[in-house]
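Okay, so here's just one chain, in structure tokens, the form predicted on its own.
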Amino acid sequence: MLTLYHCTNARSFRALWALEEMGLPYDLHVLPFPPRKRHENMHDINPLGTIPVLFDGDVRLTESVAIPHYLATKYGPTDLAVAPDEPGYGAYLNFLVMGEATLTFPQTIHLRYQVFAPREERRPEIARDYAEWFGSRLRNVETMMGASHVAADRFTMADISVGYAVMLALSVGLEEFVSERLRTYFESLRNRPAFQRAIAAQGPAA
């Protein structure tokens, strides 16, 4: 049985969404955020104290963009991954990683200095710098992506990666950086039945 440790609407949502897209059975543990401070024995589950954590038997994965690719390649074949001999393979891998490393990372630093730090330690100027950094990288994504999806002219795990980054921006006050094209793109993603099931699986708090 696959077991996922997750916090509502956190980056672990990528893993939850991927599980639903694959139609795989799983056991879900929804934890309070931040789990390293609010969930007993979290460091036994993941020494970093972060989510996601996916257990597949003795295998433990903790990276939110690795998990969707792992699921697609281990439990496929599925069109949710792009094969090495397909023309869109390079773009698929690039956008898969880009969603986290390029788009989500600056948002987390923005949130740290704008929201999560104690009031006396907040640095709005640093938060704004990272917000604008995110915005410039999001514009670059828009120039590189395909007409309707980021790679291979179809929905893939790379869309889960990038789509979550857009979802986060729209929920944490960075919507000014999300163009109409990307809003339309995300609207198409969130209308997917698997996305809706993943939202529902989190429970009423989502």
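Numbering starts at 1 and runs along the sequence shown. Remember, predicted model here, so these are calculated numbers, not experimental data.
The same protein also exists as the form predicted in complex with a small molecule; that form is not shown, yet it is the one meant from here on.
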### Query
Within 4.5 Å of the small molecule in the model of the complex, do Ile51, Glu63 and Glu100 each have at least one heavy atom?
yes
### Query
Which pick from Arg36, His29, Arg139, Arg154 sits with a heavy atom within 4.5 Å of the small molecule in the model of the complex?
Arg36
### Task
Find the only residue in Met22, Ala10, Leu182, Leu189 having a heavy atom within 4.5 Å of the small molecule in the model of the complex.
Ala10
